[in-house]
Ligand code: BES
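What follows is a single chain, given as structure tokens, in the form predicted on its own.
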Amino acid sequence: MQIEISQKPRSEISADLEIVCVIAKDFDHHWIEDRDLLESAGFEGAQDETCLLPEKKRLYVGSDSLHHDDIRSAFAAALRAARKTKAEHLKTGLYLGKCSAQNIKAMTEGMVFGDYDYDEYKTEKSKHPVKRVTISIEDFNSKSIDADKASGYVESSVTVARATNYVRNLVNTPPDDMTPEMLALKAVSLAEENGLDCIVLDEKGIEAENMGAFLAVSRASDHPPRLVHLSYRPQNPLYKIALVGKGLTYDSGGLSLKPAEYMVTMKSDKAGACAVLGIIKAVSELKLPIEVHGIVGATENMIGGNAYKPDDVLRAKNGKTIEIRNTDAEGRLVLADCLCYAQEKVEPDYLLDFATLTGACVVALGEYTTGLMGHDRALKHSFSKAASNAGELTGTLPFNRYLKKLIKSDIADVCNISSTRYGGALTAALFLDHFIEKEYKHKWLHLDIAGPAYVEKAWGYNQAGASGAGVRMTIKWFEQIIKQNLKDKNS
């Protein structure tokens, strides 16, 4: 589907169907030409409600406000409704709010997301009749915007939205087809397509890096582990950033076996790793002036005679020892070694990790919200602001000195689970903190995406399944710190 900007008014654009957005149930606005027909059809203009008037070649959709996330959701709903028709070419106008760029990007992202389906394993494939969308720069409230700028916003948002859908596809792929080796091959293909540097370590390479925690998790799987290191290196980068992703392509819980109902959806335990791939894909295509390294720990957590066990003591890459009391707390073991690797090999200005790490984070914040943790208040606030502007939800969970005592071990440096059932998202993050060197403490952010990464029902502009959580907010944060850096240099 191609999305383009036109300087022509809507009336001069020939299309099969026009999308008209009703804002805040205001049917008196001059753009609403079919008030009587809409009333007869029972259309009230509620958020994401649609009404097709085929004789008028118009599709109406409701939006509670001009807030970018309402607009994004409305246009996703409109595109889904348009797919039920035979319309190949759609047209619409602009719905600009306080920030023109945000709303143009929201409209574009909404339509790309509305056209998404994961039907790889269905015999009957989804229909995607819409081939082209033309957006007139004629605005709902008569605001004006430069057409070239608007085209740039559309182009960049299509890039980010497609990177998000790329992540959705990876996460949605079943575990038998997305093994650690296959995830590594996906990274290699991405590197070849986007001109990235790529290093892949097999189990011998991981062993040579002294990553004992990572290797222990992988022991019982028939599919060997892979460590992937992707690098995007532009000339004269403003920052060097390391992204670390948990890539459990399947998690049975190991010997601390999950109940059967909790094993369903565990293909989503690779969502952090997939987010890292999607972010570096978008960064390289947007040609952002920052150096980005993506480090992915890909493995399975399975059962077998050689599985790692409760009561084992493992040694991580930084030499610290870990008492195992629950083998289902495995993602933090993989992340611990990958975080050590990132600090040693990259020496980043910022260090971010992404993981579907704890059910406790879902209990704390709900299914739709990412847990944000770290030591630096300004950094957390900066990222939270970017996430909000991107349309992703975050909640900050605060560390305190008492929590760290809960992962103390009597026989090793640290225990892999807490001594209490409470505050599990925080104690998991504080476990990772044991593997963050002093000079990186205030450069590190931990993002627990266990809630939004994979939800078994549709929500907003997200279909059931993977959402691509992490991509849009991280790109928005990159853009934010780039803008601030350039502002500081010019002041």
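Just count from 1 along the sequence shown to find any residue number. From a predicted model like this one, the values you see are computed outputs, not experimental measurements.
FYI, the form predicted together with the ligand isn't displayed, but the following is about it.
Scanning D353, E109, D337, D269 against the ligand in the predicted complex with a 4.5 Å heavy atom cut-off leaves one residue, D269.
Checking L397, A220, A329, A77 for any heavy atom within 4.5 Å of the ligand in the predicted complex turns up a single hit: A329.
With the ligand left out of view, the stretch that reaches within 4.5 Å of it through heavy atoms in the predicted complex is, among 355-363, 99-107, 190-198, 381-389, 355-363.
Across the proposed site, K246, K258 and A450 without exception bring a heavy atom within 4.5 Å of the ligand in the predicted complex.
The closest non-hydrogen atom of D251 lies within 4.5 Å of the ligand in the predicted complex. Using a 4.5 angstroms threshold between heavy atoms, I206 stays clear of the ligand in the predicted complex. Using a 4.5 angstroms limit between non-hydrogen atoms, I417 touches the ligand in the predicted complex.
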